[in-house]
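Coming up, as structure tokens: structure 1 and structure 2, two forms of one and the same protein chain.
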Structure 1
């Protein structure tokens, strides 16, 4: 049995996770004014420990972004036995996790800081967010899309284009509205409904005939 498992996971001790929690809180409070000293003070640990665990400030922020992004998961799938129902469930699960993460206050704060830096000379955070956020999401889901194509459940020529289509159907204008301060009511029920809608729309565009029929009848 050949399985596909999520990529770009980050494994942390409880103490390290507490440090990254402190980073997220400080980013919400202070934005770009994040320092190793402030993190050490908030997390009640030494700067030496931070450097040992995460390297420099960019390494610490990269670990924080990866940890936040690791919450967007795809459960393992069996290539040999992949069917339409399983593929649909995995896509919906991914979309739910994705929307839950990007609508959190910490993700909104992180992205606002990254966008602010991108307009100036210090664009390192933007690059970190792109590499460990959006691009990592693509690396995580693309193998699932390709497995669906190999199983005859999906049809597309370019994996990146297919992923971007799914991304657009899931995110729509939600992220930009949140970044601009729109107080959207994204409760779990709304997020689940949006994930189901986006997945059905994606399957209508890229699903094989049997998949589209099954999704419509579910």
Structure 2
């Protein structure tokens, strides 16, 4: 996965951003059968302008995905001053953030269209979504995990493997169920509880101080 379209500075006028916003809204409500005509009408612009700006339909969708990804990018987690409580808080914060993102209507719609496009022809959208979703998460969390290990709070050999374990404990079956249309209501309290549970489980598996925090309790 060799760093494709890493994070190109996206230069968009206000107007163009408005168009992509319309695409996003349409994608959420209409699913992937959004038409160029519908986009033009919703954004109050002409189809000709759409084609001039974005080339073709795939280009428009790709621009939308990239633009949304560039908006989601959050502040990096600082790895300074890591004690046990701080590490726990960082992990929980990360899990809350991640669960909030994947349960959002926008993320679901975008993942759906990327997956639909990944069937057959070029899977460029899938690569973009993966790069700005799953892999961006990995790049953000791994320094934290390694700082935790350096501080003697965590124990693992393979950072990637440790991250994937945490990923699994956080996401479980949630994303696939949402993508397949299962109605799960993830209110903030549920997300918070899930994040706490996942973090506790992760620390039970990889925490150096397994016995002290009482993490093994049900």
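Numbering follows the first chain given and starts at 1. Just so we're clear, the structure is a prediction, and the values are computed from it rather than from any experiment. What we label the rigid core is the largest C-alpha set whose atoms superpose within 1.5 Å from one form to the other.
The form predicted alone is represented by structure 1; structure 2 is the other form. A movement of the C-alpha atom of residue 149 falling short of 2 angstroms is seen between structure 1 and structure 2 when the two forms are aligned on their rigid core. For residue 24, the Cα coordinates differ by 2 angstroms or more between structure 1 and structure 2 after the core has been superposed. The two forms, fitted on the rigid core, differ between structure 1 and structure 2 by less than 2 Å at the CA of residue 193. Summarising the core-aligned comparison between structure 1 and structure 2, the C-alpha atom of residue 81 is found to shift 3.0 Å. Here the rigid core is superposed, and residue 68 then shows its C-alpha moved by 5.1 angstrom between structure 1 and structure 2.
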